[in-house]
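What follows is one chain in structure tokens, specifically the form predicted alone.
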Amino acid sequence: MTLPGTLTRILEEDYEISINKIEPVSGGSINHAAKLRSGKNRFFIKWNDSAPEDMFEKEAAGLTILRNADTGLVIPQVIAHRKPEKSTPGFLMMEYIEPQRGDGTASKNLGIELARLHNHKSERFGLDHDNYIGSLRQSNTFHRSWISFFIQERIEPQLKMALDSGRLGGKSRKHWEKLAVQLNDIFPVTRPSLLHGDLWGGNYFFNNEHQPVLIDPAVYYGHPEMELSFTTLFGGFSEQFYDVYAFETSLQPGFTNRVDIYNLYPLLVHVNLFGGHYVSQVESILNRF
């Protein structure tokens, strides 16, 4: 595997990183990724020729927000990032952390530390800047109400995109409108919590000290149940994780009945990125209303 020549030159000239070895890293569906060896140092780098110009900048900002939160979560340190320019791809480089297989202790640590992250509160839902979930822009305009934030900044932009592309039909809009007016009776009241924002099984792992490592954030302040629901969407989280998280946070009754509604957001994101069976999953949830 090789890096684009312009990217190699930037690393050498601007950051004085002389690359000894490049190894491909799998797992991403949007960017190219590799592990770099430079002397005794190891780095992770991902790059993209056609990424939105501020995508890696916003990801770096999200990593920094998480890293500065008072938790035991391990967040890779950002080394450098650039936007795409002419023949040079945009890139994000950070410290490389070797993934390790987790055990029961590691899963419990993840539950404890995610609860600590969600205990990092704000007065408003949102963030002081927009960012991305996958390659799609994520609007984080501040709201005092979780329900207005969920409707206006999460569901509506993604639903409009899916309708405009023809991946969803007008019936989905009608079912959503019926659901939206019921949200006051469905969602419990909470203060805004700091969320990773894209927490599925591929965006966390454990280091050699059984500490949870989080990557690829889509950070904002939201309802903590939103994040916990997201973890159920594709699997990859143990019973110990859920048990410890529930103990640490005292989940409000009826959470399991709200999971599918929260997950309309990531499912709509996947409809707009990939289409396929995600369309029927969204329709199946909305058709209940």
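Note that residue numbering begins at 1 and tracks the sequence as displayed. The structure displayed is predicted, hence computed values, not measured ones.
One more form of this protein should be noted, the form predicted in complex with adenosine-5'-diphosphate (ADP), which is absent from this view; the next part is about it.
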(message) in the predicted complex, is there a heavy atom of adenosine-5'-diphosphate (ADP) that lies within 4.5 Å of any heavy atom of Ser29, even though the partner is absent here?
(response) yes
(message) So in the predicted complex, is adenosine-5'-diphosphate (ADP) close enough to Ile215 to count as touching (4.5 Å, heavy atoms)?
(response) yes
(message) Check Arg258 for me: does it contact adenosine-5'-diphosphate (ADP) in the predicted complex (non-hydrogen atoms, 4.5 angstroms)?
(response) no
(message) Test of understanding: in the predicted complex, would Asp103 fall inside 4.5 Å of adenosine-5'-diphosphate (ADP) by heavy atoms?
(response) no
(message) Looking at Pro188, Gly169, Gly72, Pro99 here, can you tell me which has any non-hydrogen atom within 4.5 angstroms of adenosine-5'-diphosphate (ADP) in the predicted complex?
(response) Pro99
(request) Identify, from the list Pro157, Pro76, Gly126, Gly90, the residue with a heavy atom within 4.5 Å of adenosine-5'-diphosphate (ADP) in the predicted complex. (result) Pro76
(message) Please pick out the stretch from 177-185, 143-151, 118-126, 199-207 that is in contact with adenosine-5'-diphosphate (ADP) in the predicted complex, where contact means heavy atoms within 4.5 Å.
(response) 199-207
(message) If you apply a 4.5 angstroms heavy atom cut-off, which residues in 35-58 are near adenosine-5'-diphosphate (ADP) in the predicted complex?
(response) Phe44, Lys46
